[in-house]
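In the form predicted alone, a lone chain appears below as structure tokens.
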């Protein structure tokens, strides 16, 4: 089963390498949202530093949503999803492998790019490690929760809006605690509680979402 998952991850990464726009688009969207924020609010450093945590987290969520609709859709359209589900392995292993590949393409680059974005928004330097750690715990959770919505709208024409409506309520707690952790770090307060909650949500998502998304795909 592990070999099966590794093959799926390698396959999805190769497909992304052949279609680099799928990798570039979320990153460009993430940077554009953050870059346009000072134009619409204020270029003052004091204002941007206070809003930096929320802006970065909301931008990361929107960038994740941008690529979620294609998580299973392309495989469904060419018939390979049906063949993968007929393989002698549980459906949750397929879902987990595809979520890992999705996070490597959409979540990990955002984490690596976050220190630069934090400097653009004048986030205090001491909060940058907390920002990266919170994204490291939170972005996999976003991908896992998003897999349920992506599985439910697979095969539905124009399912992007429906996908957003389905999974936004699940994203709200992750954004709240992720942004709160960064704000607390910028003010010199303890962040252990926020990180524990983010880790707990990640564990919960790992326990529930692969099975739920696998069942949705079979339906």
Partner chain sequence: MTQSSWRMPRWFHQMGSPKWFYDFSGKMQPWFAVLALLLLSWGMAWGLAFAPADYQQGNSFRIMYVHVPAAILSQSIFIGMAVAGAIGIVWKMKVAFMVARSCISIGASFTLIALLTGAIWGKPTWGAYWVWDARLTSTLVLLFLYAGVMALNQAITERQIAGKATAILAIVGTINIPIIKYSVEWWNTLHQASSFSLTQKPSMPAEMYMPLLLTVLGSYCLFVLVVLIRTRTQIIETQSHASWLMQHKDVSGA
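Computed from a prediction, not measured in an experiment: that's the story for all the values here. Residue numbers count along the first chain shown, from 1.
Although it is not shown, the form predicted together with the partner chain is what the next lines describe.
For the residues 28, 156, 41, 35, the 4.5 Å heavy atom test against the partner chain in the model of the complex is passed only by 156. Although the partner is absent here, residue 216 sits close enough that one of its heavy atoms falls within 4.5 Å of the partner chain in the model of the complex. Residue contact with the partner chain in the model of the complex: residue 47 places no heavy atom within 4.5 Å of it. Looking at residue 58, you'd find every heavy atom of it more than 4.5 angstroms from the partner chain in the model of the complex.
Using a 4.5 Å cutoff between non-hydrogen atoms, residue 66 does not count as a contact of the partner chain in the model of the complex. Heavy atoms within 4.5 Å of the partner chain in the model of the complex belong, among the stretches 127 to 135, 140 to 148, 92 to 100, 77 to 85, to residues of 140 to 148.
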